[in-house]
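For reference, the chain that follows is the form predicted alone, supplied as structure tokens.
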Amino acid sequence: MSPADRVRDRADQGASTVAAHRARRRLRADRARQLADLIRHQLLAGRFPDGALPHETTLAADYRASRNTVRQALDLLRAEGLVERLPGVGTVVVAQKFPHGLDRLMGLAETLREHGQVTNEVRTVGPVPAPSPVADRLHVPPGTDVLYIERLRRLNGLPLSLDLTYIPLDIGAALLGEDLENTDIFRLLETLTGTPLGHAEISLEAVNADAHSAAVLQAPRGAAVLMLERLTYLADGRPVDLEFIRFRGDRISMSGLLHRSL
């Protein structure tokens, strides 16, 4: 073997060693992420009622993972703000996500009634000319006045969501004299119209919090928030409530029951 060939052979061996090392690191990171997902589910399901996670040794045995993998998984959950390590105590739950169902049409206070009191800070309320996309979805002529409501919604005093709502003015005008601070709009709409709500079209996506939303929700600017867009109809098919709701992603979890139909 020539000197040049020996150099190339050593270089190839070195490259193989580096590649194998990187592959092992990726595998450990994958396992840590998988374990974090499992522990997160247990945490959000309330499986740690005393607020303390089992010792790392116990977690490693329960999930058949190495101690290093457990530590990396807990680091991921700490980065999410869900757990924290306390000296002499161990890893404890420091944040709670509240469940929001996606398979029933309910107001926020109805949805979270088992978890505390929902209050509304009405930041803006009044008629505004309907932008074309809003007018189209509410079936009113473009530029027609609609009622616009902006509310900061808190659960047990903690900022949870920023709701922007558009309602046709022939219905919305009656809302101006109602208690919007303590009552879900859904309930008020059914009372004022004498017609139950029927169904809603929804979409859900993660967006970055703009400066205004971040300030109102007391979240870091640019933090991911869950944007729920919902158009709600009365039982007779009339669209009555178009909402753009920004939830703090660290305080809410979305779930639903889906059935497969062929």
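Note that this is a predicted model, so its numbers are computed, not measured. Numbering starts at 1 and follows the sequence shown.
Here the subject shifts to the form predicted in complex with a further copy of the same chain, a form of this protein not shown in this document.
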Among 129 to 137, 83 to 91, 170 to 178, 152 to 160, the region lying within 4.5 Å of a further copy of the same chain in the predicted complex by heavy atom distance: 129 to 137
Interface membership of Gly194, a further copy of the same chain in the predicted complex, 4.5 Å heavy atom rule: no
Non-hydrogen atom contact Arg71 with a further copy of the same chain in the predicted complex at 4.5 angstroms: no
Partner contact for Asp103 in the predicted complex: a further copy of the same chain, 4.5 angstroms, heavy atom: yes
4.5 Å heavy atom contact, Glu56 and a further copy of the same chain in the predicted complex: no
Residues within 4.5 Å of a further copy of the same chain in the predicted complex, restricted to 200 to 214 and counted by heavy atom: Ala200, Glu201, Ile202, Ser203, Leu204, Glu205, Ala206, Val207, Asn208, Asp210, His212, Ser213
